[in-house]
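This document starts with one chain, in the form predicted alone, laid out as structure tokens.
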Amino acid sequence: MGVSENQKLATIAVHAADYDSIAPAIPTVPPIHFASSFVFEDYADLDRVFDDPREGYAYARFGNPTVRSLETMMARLEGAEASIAYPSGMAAVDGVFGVFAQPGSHVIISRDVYGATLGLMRQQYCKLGVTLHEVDATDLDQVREVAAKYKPSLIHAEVITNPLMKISDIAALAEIAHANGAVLSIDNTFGTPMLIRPIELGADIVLHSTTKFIGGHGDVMGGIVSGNLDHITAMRDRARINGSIPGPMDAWLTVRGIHTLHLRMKAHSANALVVARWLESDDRIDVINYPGLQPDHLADQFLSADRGGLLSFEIKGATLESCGRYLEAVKLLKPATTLGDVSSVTLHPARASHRGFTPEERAAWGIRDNLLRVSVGIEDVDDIISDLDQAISAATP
């Protein structure tokens, strides 16, 4: 393959840069493979790859070497048999729902998960015949009762809930799920495998929005699901048909982010604990939600004392309007609808992640209008606190 000496300029322009092996040289970082398709000199190899994408690469919708690097990396980090990457965190959630939430089935979801997760189930899957049961995943008696009554196909919860930072008892949820024939899916976006490995605790499926801490730099979107080979193969077969795949550049950026994940999660956790303790001592703050303030709660399921970079708090007497002033006042913190970046980010759940729900629903779940969420970055913690201090003053009656 490639260019020969007697080819014309037009042909050379198309083929002169065709890939040739650079062996025995080995790149020190994984290369980016931008090809949309791959060629074979032996059709037996092509047949084998079409039959089983794990055997190689034929078309980028079926698999890409850069994307496969990310999938292999995350499978090892989570202690899973396999992983599949998606173009966004919500595409990963949809990948799970599409396999385990079939028409006629019952699904249990923790009610204080990311708002779009509930929105996806309510607005799309319930219309196709799935029955949704919203529970407090930390109320194990409630989960056990609903599961025993309806025999769900899927139970879905978050390691640390969004935005109230409740910790799910994964081993207990796994026991309930498996006793009732359900698959347990755990969203580990807030924890990452550096803090907790849900599969070791009994979860069947672990998913991430890799846009957040995994990527870590606010410059890439993605999602990933890890689990046993049969589950991931079912999701991969579906993704091959509907085209829910990430691009190689996104995968490469995510891999690059993972290289420093262990360092960043320690820095996020250390800063968040200092900020949480400062908020806890501030008379202007009514409620502070951060798992690190109760380090002994379900401590056995965490790999260390670190509890991540997410916290939320309520400003005494603040309203929707005054919380808007808080968002306008922050200078170092970014008022953005994301989290997990190296820079500190804040949002107002009633306006952002949970704006699609009624005030009554939010109130019932404990997501009040004066609740604010902060993703604590890796800046100097004194600078973070200084900015929070003046922004809280702007929202304080």
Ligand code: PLP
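What you are looking at is a predicted structure, and each value in this text was computed from that prediction instead of being measured. Start at 1 with the first residue shown and count on from there.
The next section is about a form of this same protein that is not shown, the form predicted together with this ligand.
Between the options L164, V146, M221, I258, the residue in contact with this ligand in the predicted bound form by a heavy atom within 4.5 angstroms is M221.
Between the options F190, F313, W252, Y326, the residue in contact with this ligand in the predicted bound form by a heavy atom within 4.5 angstroms is F190. Looking at Y150, you'd find every heavy atom of it more than 4.5 angstroms from this ligand in the predicted bound form. Residue contact check for P246: none of its heavy atoms lie within 4.5 Å of this ligand in the predicted bound form. Contact check for S226: no non-hydrogen atom falls within 4.5 Å of this ligand in the predicted bound form. Although the partner is absent here, S105 lies well away from this ligand in the predicted bound form, with no heavy atom inside 4.5 Å.
Figure note: of the listed segments 123 to 131, 268 to 276, 81 to 89, 196 to 204, the one touching this ligand in the predicted bound form, with heavy atoms no more than 4.5 Å away, is 81 to 89. Residue E158 is the only one in 134 to 162 with at least one heavy atom within 4.5 Å of this ligand in the predicted bound form.
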